[in-house]
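What follows is one chain in structure tokens, specifically the form predicted alone.
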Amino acid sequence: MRTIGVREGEREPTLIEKPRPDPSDGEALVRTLRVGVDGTDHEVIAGGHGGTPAGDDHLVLGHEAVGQVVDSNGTALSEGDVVVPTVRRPPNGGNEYFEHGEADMAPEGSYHERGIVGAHGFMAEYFTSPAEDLVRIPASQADLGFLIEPISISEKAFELAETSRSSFTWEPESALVLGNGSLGLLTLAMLDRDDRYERLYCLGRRDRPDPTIDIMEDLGATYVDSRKTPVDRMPEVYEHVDFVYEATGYARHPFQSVQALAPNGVAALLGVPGPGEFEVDAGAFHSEMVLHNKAMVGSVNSGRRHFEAASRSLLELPRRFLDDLVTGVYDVSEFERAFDDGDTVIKTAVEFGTYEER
């Protein structure tokens, strides 16, 4: 079968022929429909993140997948079910995080992530997975189900942010999303569906005309050009905000976000920065956190319940928004196009097959 992977020492994705896998006990065989491409895939290809499975010289890419069960193999699934796989798997021997069903809370080094580190991904015509790691979704989501994994990341971040404010009545009215990539725009659209948020902002570094700015403004959000208005100047140019969602991985943003937050506000950090050193007014940072009851949470990966919530959220997102967000779906025969990252590219996917009604 055809797979798309990256070989050790190479910096370009390539087609790799592999045998079709056979499901082990407790696993189902899934025919892949579509697999999304995101920034993590580009980082893995560039060698800045992830790693190949032990004993292999390549990694099959892809962690944002949707597929259709072709062999339930005695599990509770049924042939024809449309499913989305979760990403994390236990390393050899497992650990307490997986035993407790909390793989998304495992620290770095205590998990494998399919298509990222230690385990082959889903960019293949078929893949196998334990049934408990496959989330059923409506057949109507067979075309866009690859968006459920990134949406689940935001579902978890929202959950953590809300939990951090659970000791009082938190009534947010404004939010700032840092990053105008596909994850940032999906998050913006999710916030737009939340009736509590009256004012939304999205920060980027783009010149008009630009398709991401168009999407922001179609959602009723205000575009914030970080070259003119850094995050810590938000209060003087616009306002203090109740919620900040950081999706860029820019190392200054967490410290600047504290200054942008309103009293009782919370910032959720999802971007992973590279090394960086700069001066910080530690006293001002500490005072803002303490005197104004601010909070900051870090979040990575997501659990099964977040995938289930993401499927429900996807049903609520406007079709026009989704059509603008997904700028290309490419057959596996032209998979290279899905890895283009020009200014007009927002979200792409590789198509391996189409849904078959049973």
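The model shown is predicted, which means the values in this text are computed figures rather than measured ones. Numbers follow the displayed sequence, beginning with 1.
Keep in mind that the form predicted in complex with a further copy of the same chain is not shown, yet the notes after this line are about it.
Contact check for Val280: a non-hydrogen atom falls within 4.5 Å of a further copy of the same chain in the predicted complex. Contact check for Arg114: no non-hydrogen atom falls within 4.5 Å of a further copy of the same chain in the predicted complex. a further copy of the same chain in the predicted complex comes within 4.5 Å of no heavy atom belonging to Arg304.
Proximity of Pro211 to a further copy of the same chain in the predicted complex falls outside the 4.5 Å heavy atom cutoff. Shown alone, this chain has one stretch from 249-257, 133-141, 179-187, 213-221 that lies within 4.5 Å of a further copy of the same chain in the predicted complex by heavy atoms: 249-257. With the partner removed from view, the residue among Val297, Leu314, Val60, Leu29 that has a non-hydrogen atom within 4.5 Å of a further copy of the same chain in the predicted complex turns out to be Val297.
Among Pro273, Gly74, Pro91, Gly80, the residue placing a heavy atom within 4.5 Å of a further copy of the same chain in the predicted complex is Pro273. In sequence order, Tyr97, His100, Glu102, Asp104, Met105, Pro107, Glu108 are the residues of 84-110 having a heavy atom within 4.5 Å of a further copy of the same chain in the predicted complex; the partner itself is omitted from this view.
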